[in-house]
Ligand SMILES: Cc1ncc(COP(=O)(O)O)c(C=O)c1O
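One chain comes next, on its own, written out as structure tokens in the form predicted alone.
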């Protein structure tokens, strides 16, 4: 039976997709404790690669335990070498432009502050109302401290998407910084990186992208697209573990133009001279604050080496096919039950997750976990995010998860749920 003769609502359709999946082998390379669980939350926290446990144990036994401080002879520049791996595997970035260091929030603060101060006399910062909360909160504090005006483009309607036309309306010679997420955390909408970056540059502003929900699932071409600055995490599609180091990208073209506010020891040109006065390194190390988390970097090495091996082009193709399957199941099963979707239907305008809306989204999300062994997540006010993490998720897992979701909504079993006081949703 050919795939074309089977409807998406037939489980055989997903089974056939798995049979023809060039990435199917990778699922076995992740630790999966419960084979009956449908884990559709890899956009929030990715599964652990099996190899990571071995790599970390080897580091503890063969390096830290035995080499002690001598280990810094090889650890000292790992933030740069691992950054180059991220750049090469996922960002379309040449060496010497990416650092794997600190948290996404610290890196975002550093680069936004540097971008604003690199445009003296300009006092406007632009973002959007649907941007990730941390980014908006950091911008509020920066604008307060630096005397800038924060303009948030209202994109709360539709797909939470900033078009070129919307951005152009706010650009003028007072804009120092524009910052958006590559993929919106809630809706999953994918922004047009080259076009929006170009618009900001034409206005004389710098652009800081946040690629946290895109890295590892969406092919990006930072060098080719003329990206100035970007930050992101490694624990979502990057599968590097909770709290794993973030990363920052600074184009070689503007590295000498920027000065980050935290002048750390690792950024000092002659680091071990311990001299008085700060003399910034002219390399990407000039953006590093302090010692990297070597254990965290080894987790990134393990996971992003797998991404590089699989290739972003193959990963993105599976994400597009998987989210297309989600839309087909949504149309057949969930829309008739009162659900709506806020994620763009065009494959080139989304990443690895789709978001459905329902008035009882929070209780449904809890019911999925408690009653159906499906892990998704809830985002206010009425959204359930469901993702395919291409290396770790099968099409059958997606199909089963949606089937269980349909059952919970159609039977209204979510009405049995008691919402707890947990802050985590």
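Numbering follows the first chain given and starts at 1. Bear in mind the structure is a predicted one, so any value in this text is a computation, not a measurement.
Below, we refer to the form predicted together with the named molecule, which is not included among the displayed structures.
- This chain is displayed alone, yet in the predicted bound form one of 75, 266, 132, 109 has a heavy atom within 4.5 Å of the named molecule; that residue is 132.
- Interface residue among 288, 355, 212, 98 relative to the named molecule in the predicted bound form, by the heavy atom within 4.5 Å criterion: 212.
- In plain terms, the part of the chain that comes close to the named molecule in the predicted bound form, with a heavy atom within 4.5 Å, is 230-238 out of 187-195, 278-286, 230-238, 85-93.
- When the named molecule is considered in the predicted bound form, residue 105 lines it closely, a heavy atom lying within 4.5 Å.
- Within this chain, residue 323 is remote from the site of the named molecule in the predicted bound form, having no heavy atom within 4.5 Å.
- Residue contact with the named molecule in the predicted bound form: residue 179 places no heavy atom within 4.5 Å of it.
- Of all the residues from 351-378, none has a non-hydrogen atom no more than 4.5 Å from the named molecule in the predicted bound form.
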